[in-house]
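In the structure tokens that follow, the same protein chain appears in two forms, which are kept apart as structure 1 and structure 2.
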Structure 1
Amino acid sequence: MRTLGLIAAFCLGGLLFFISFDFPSWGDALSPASRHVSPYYIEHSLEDTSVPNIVTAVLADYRGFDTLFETAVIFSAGLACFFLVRVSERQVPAARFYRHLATGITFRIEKGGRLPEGTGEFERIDSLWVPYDVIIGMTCRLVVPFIQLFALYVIAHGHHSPGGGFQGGVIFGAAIILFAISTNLRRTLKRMSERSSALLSSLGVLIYAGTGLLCLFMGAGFLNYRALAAILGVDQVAARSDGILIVESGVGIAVAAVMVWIYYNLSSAGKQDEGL
């Protein structure tokens, strides 16, 4: 089976390498894209979409189908990681470790022993324990809200400056992962559970695809945001701008949630108990 896989990979790679010679040269001014596609985007994107950032207009409007499938691929990656890595049965560790908050002394509780959970005097720590650093923990707790706020800014301001759903989603997801690294996985799961990350991943894709379906129901083409003008109470150009913001928000939600979902499974080997 491995041999067949290698043969298939080499054949496909050779085919792609052979086809690449038919592509126009890098930066060729006479290539079809440079002659009529790119000039149109540069000259008409602001007029068509009321979005100064040409990249955002291309990704979420002119090339909206491709970006939708990119979002679906990201969601599929999170789903594949879940099915491949996630451990279905909760495994109780042989021993648990706790830190006494007042003194910093750590305790090892063997399986079957009395666990000091819920007392408020002890904090559970991972078996592969990294010494607790109050400076790192407090700094991350102070920084994370500002990172998340900046992520929302990147998504909302992607019309006018570099940014958008993918970039903002990555920043927002990284903020949650930073909190997990500076504290522990269990505390992060209490704030954003695995189920929540999975549902938000689906919600992000649904917002994007649902916007396209809404355009169909309004009598226009799929992802033709002009049809939203009647619902939003604006002209068709402004409707395209608002439609871009809606789908970019969906992309941001999906990307952030998938990042967190994948991190939960990879960092804990699918056990959702301990991990960095």
Structure 2
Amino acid sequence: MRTLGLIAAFCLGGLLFFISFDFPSWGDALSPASRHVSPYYIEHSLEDTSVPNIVTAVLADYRGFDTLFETAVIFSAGLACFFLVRVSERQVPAARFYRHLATGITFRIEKGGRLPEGTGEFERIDSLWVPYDVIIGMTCRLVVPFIQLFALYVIAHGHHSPGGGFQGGVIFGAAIILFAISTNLRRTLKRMSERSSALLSSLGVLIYAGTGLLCLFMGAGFLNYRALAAILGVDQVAARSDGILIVESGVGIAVAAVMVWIYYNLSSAGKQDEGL
């Protein structure tokens, strides 16, 4: 396999290297890629959509259809991880760890043993639990709301600065994952259950696809936000801008929820019991 790999790599590499001499130079403003379609975006995005961030305008409007499927890709990934690794909750793990709150003694309860849940005197801990996590836990609890706020800002400000649904969604999801890492998976699942993460990820894509279908039923083409002007009560250019915001929020919800959903399944090997 090693020689085969080397041969494949060198054949492809030689070919690519040889052809790279025919490329336009790096940063050449006169290269075909910079002359044909892209000047249209740069020069017209402001008057077409009134969005100064051209990347956002191209992403969510000119090539909005790509982005719909991009969101669908990430949704499929969440669904696929669930489908592949999730195991039924009925399977009780081999052994569980409990800590007696008053004394701090840790108990290991074998499979089949009676679990001291609901008594209030015991706390369930993970096998990989780190004892002195007060500082980490407190810091993360303090930081999480600000990260989430920043995520919302990134989504909302995607029209004017680098950002948008994907970036904001990932930051939002990361905040929840940080919470899960700093405390434990079960507590996070109480705040945001698996069902709600699944429903939200579906809902996010649904907002995007639904906006597209709404435009279609309003008589314009699929994802033609111009049609939203009648509903939103604004002119057609502003409707495009608003349409972009709507779909970007949908993307944000979907990405955040999918990130959390994937984390739930991958970190606990599908058991959703003990996380990282």
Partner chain sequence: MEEQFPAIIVAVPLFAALLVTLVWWFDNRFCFPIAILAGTVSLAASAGLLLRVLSTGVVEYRMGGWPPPVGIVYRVDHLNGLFLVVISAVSLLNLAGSRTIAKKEFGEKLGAFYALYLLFITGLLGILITGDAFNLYVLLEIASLTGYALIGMGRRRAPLSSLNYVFMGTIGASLYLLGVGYLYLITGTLNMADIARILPAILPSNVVLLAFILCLSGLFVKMALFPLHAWLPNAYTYAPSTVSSLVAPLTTKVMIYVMFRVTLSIFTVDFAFNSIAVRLPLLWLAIVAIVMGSLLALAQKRLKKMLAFIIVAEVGYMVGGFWLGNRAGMNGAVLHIINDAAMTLCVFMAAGAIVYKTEDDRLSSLQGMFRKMPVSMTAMVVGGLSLIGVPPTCGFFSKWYLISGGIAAGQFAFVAALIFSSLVNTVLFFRFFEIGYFEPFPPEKTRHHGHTGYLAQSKEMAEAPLDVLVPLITAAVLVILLGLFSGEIVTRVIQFAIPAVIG
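Please read all numbers here as calculations on a predicted model, not as lab measurements. Under this definition, the rigid core comprises the largest set of C-alpha atoms superposing within 1.5 Å between the forms. Residue positions are counted from 1 along structure 1's sequence.
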query: Panel number for the form predicted alone; finding: 1
query: Residue shift check between structure 1 and structure 2, rigid core fit, Leu101 Cα at least 2 Å; finding: yes
query: Large Cα shift (2 Å or above) at Leu46 between structure 1 and structure 2, core-fitted; finding: no
query: C-alpha of Asp28 off by 2 Å or more between structure 1 and structure 2 on rigid core; finding: yes
